[in-house]
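In structure tokens, the next block holds one chain alone, the form predicted alone.
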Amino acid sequence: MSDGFTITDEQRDYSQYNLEANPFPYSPVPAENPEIFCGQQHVTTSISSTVSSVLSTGKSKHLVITGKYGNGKSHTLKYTRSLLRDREDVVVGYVAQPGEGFLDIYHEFVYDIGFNRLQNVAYEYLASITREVTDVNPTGPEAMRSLIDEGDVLLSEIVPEAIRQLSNITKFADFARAIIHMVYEDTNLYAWQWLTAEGIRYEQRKEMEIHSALDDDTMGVRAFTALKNTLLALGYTGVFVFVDEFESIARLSPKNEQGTLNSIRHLMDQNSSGLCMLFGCAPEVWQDVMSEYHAFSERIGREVALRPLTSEHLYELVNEYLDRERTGNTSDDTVQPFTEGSLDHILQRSQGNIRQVLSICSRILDSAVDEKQSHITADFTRELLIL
């Protein structure tokens, strides 16, 4: 007796629509490095202005992006990160959600930067000290790494001076020691664990001569500021922190919520230069924050709201996705096989929610292939969405 299941790895053939594959995601979650951003000109203008101000003046500036679930806050933050992360003069970190407090934000930020990038910062700093105290002239982290590996520069000759100068810059001697220990094979994992606030044993800290534990919000703010000051001392323009799902602070106890907001406020107060924070937040939570925590909300430069897609935006979005899998020239109708009527129905059904639009388009395109439809009409779309 058949169980009714038909499971196969046979791929659908989209060639009748001049497509290599279904370009729409089955599970519409933001890609790590999004390539498409449509519409929302007022949002792109606000983000561009905020980021450009920091890049051009070095002064800190912050922005909150509000929008209902599925309207593209995560996509917008990740798309902005993709525009910045290839620049050599900035460091960009994405925080998926603020967790239980600022220490979690710091932890996620450093993790997003990654071990290799942080280790390169350590080599970069040692290169600057090497140029200062020796006759050797390493031009970057790779050159510095090579000099150490080849024995042309001994760590014992430069590390004491590096720790002394970095302690003065950061006002945090333990942070300075941890950064420098990122270049030692024996201790770099301990240093990484301490720098990411994962917590290490006393014996491991003692091996690096680190006296304090990085285990609360106050220490997290101090370590973040030390990292930013290290980067500015190396000539970086700024540090960009993108905090998504900021509305989850509403789930914290009132004491922890206020503690988290106070820590972020202290971070902003201690970093009037070289810091840009972008927050993605549900509008109702942001309204509560503005009404109850003036000291925090007043430090955010402005708010910009993501709106539901319009008909024009939807057309542009579908066209952009289809273009990713086009196999040849199309007619004047650039959204084929979708018809104008089908897109109108999708817009009505999704209420302009971009996550729902992508999900519906993906499902309808596969169904059109299965049922050998020459075009995706309004009637076909309506019947499918009723099921």
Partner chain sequence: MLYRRRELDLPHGELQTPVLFPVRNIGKRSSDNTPSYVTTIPDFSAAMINARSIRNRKPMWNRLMNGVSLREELDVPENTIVFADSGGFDFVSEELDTTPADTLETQHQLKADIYGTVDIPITRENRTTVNQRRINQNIQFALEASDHHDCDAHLLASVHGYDPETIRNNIRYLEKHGTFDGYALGSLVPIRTDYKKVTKLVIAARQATDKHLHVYGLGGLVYQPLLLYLGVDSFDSSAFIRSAGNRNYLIPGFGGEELQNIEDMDMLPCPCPVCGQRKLDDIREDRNALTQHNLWALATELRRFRYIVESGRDVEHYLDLRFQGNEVTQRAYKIAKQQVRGLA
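Numbering follows the first chain given and starts at 1. These numbers come from a predicted model, not from an experiment.
The form predicted in complex with its partner chain exists for this protein as well; it is not shown, and the discussion that follows is about that form.
Stretch 141-149 is the answer when you ask which of 279-287, 141-149, 254-262, 308-316 has residues with heavy atoms within 4.5 Å of its partner chain in the model of the complex.
At a distance threshold of 4.5 angstroms between non-hydrogen atoms, residue 160 is in contact with its partner chain in the model of the complex. A residue is said to contact a partner when one of its heavy atoms sits within 4.5 Å of a partner heavy atom; residue 234 fails this definition for its partner chain in the model of the complex, lying far away.
Though the partner is left out of this view, residue 184 does reach within 4.5 Å of its partner chain in the model of the complex, counting heavy atoms only. Taking the partner from the other structure, its partner chain in the model of the complex has no heavy atom within 4.5 Å of any heavy atom of residue 104.
Residue-level contacts in the model of the complex: of 250, 295, 83, 154, one residue has a heavy atom within 4.5 Å of its partner chain, and it is 154. In terms of contact with its partner chain in the model of the complex, the residue from 89, 209, 215, 269 that brings a heavy atom within 4.5 Å is 209.
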